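Only one chain is shown below, in structure tokens, and it's the form predicted on its own.
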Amino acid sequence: MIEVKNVSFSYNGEEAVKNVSFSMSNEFIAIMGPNGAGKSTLIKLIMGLLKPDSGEIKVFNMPPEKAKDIIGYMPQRETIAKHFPIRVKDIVLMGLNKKFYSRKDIEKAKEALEKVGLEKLWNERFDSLSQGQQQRVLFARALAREPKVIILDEPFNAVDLPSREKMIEILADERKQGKDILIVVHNINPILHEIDKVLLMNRKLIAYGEPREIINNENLKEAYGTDVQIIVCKEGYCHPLVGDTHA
């Protein structure tokens, strides 16, 4: 459902994504790598927010710019003026990308907010919420359009534990419903048992496959440029202890 073939992209002559290829279908994929590895750039290319210098991307056999209506996107940082009196309902309704909202649209937005457990905050000002609540509202915005593909860029930043657990629970449920989920994470450990595959990159693709195959000393050292401590649990999962490492 998402195909990336030999995609490269540069900012002012500096290569951010180098000849990356992978495909996914009905899967929950986590993208990981050091800061500056091109993770956010890659998902912006998949979203159609950037155009590759070379290579091809297809989302449900469409170019990314034509697939926007089937993608629910939660960006890494949200720029909303702290004192702008926008309400939670307005944020969630933005996810529908319409000028005018029908009664059905409002019901969809309320259902999305209910999914994240914040339906009682419908009329509250967005700037009055905690950081964790704000992230959950932005997550609801991504869910409101009932997308076929969910793309999230570092959704757990500045999120409290209950909010993170709620978001992971929802993502697992969306995965069971056949949605494609692509998520950029700084710390993969909270979702390690939920994902199907890991895409490890540092501008180029280092490795792509099941977590137990990909998360090992050799691959992590190639991606992060240093040895990364790994804790192996009884279930056989390897949990990498990755800090703020720059590419």
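Given the structure is predicted, the values throughout are model-derived calculations rather than measurements. One rule holds for the numbers: they count along the sequence shown, beginning at 1.
Absent from the display: the form predicted in complex with a small molecule. The rest refers to it.
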State yes or no: in the model of the complex, is some non-hydrogen atom of Ala16 no more than 4.5 angstroms from a non-hydrogen atom of the small molecule?
-> yes
Any of the heavy atoms of Lys51 lying within 4.5 Å of the small molecule in the model of the complex?
-> no
4.5 Å heavy atom contact, Pro64 to the small molecule in the model of the complex = no
Is there a heavy atom of Ala37 no more than 4.5 Å from a heavy atom of the small molecule in the model of the complex?
-> yes
The one option of Lys68, His193, His186, Arg212 with any heavy atom within 4.5 Å of the small molecule in the model of the complex is His186
Proximity to the small molecule in the model of the complex (heavy atom, within 4.5 Å), stretch among 213-221, 39-47, 56-64, 22-30 = 39-47
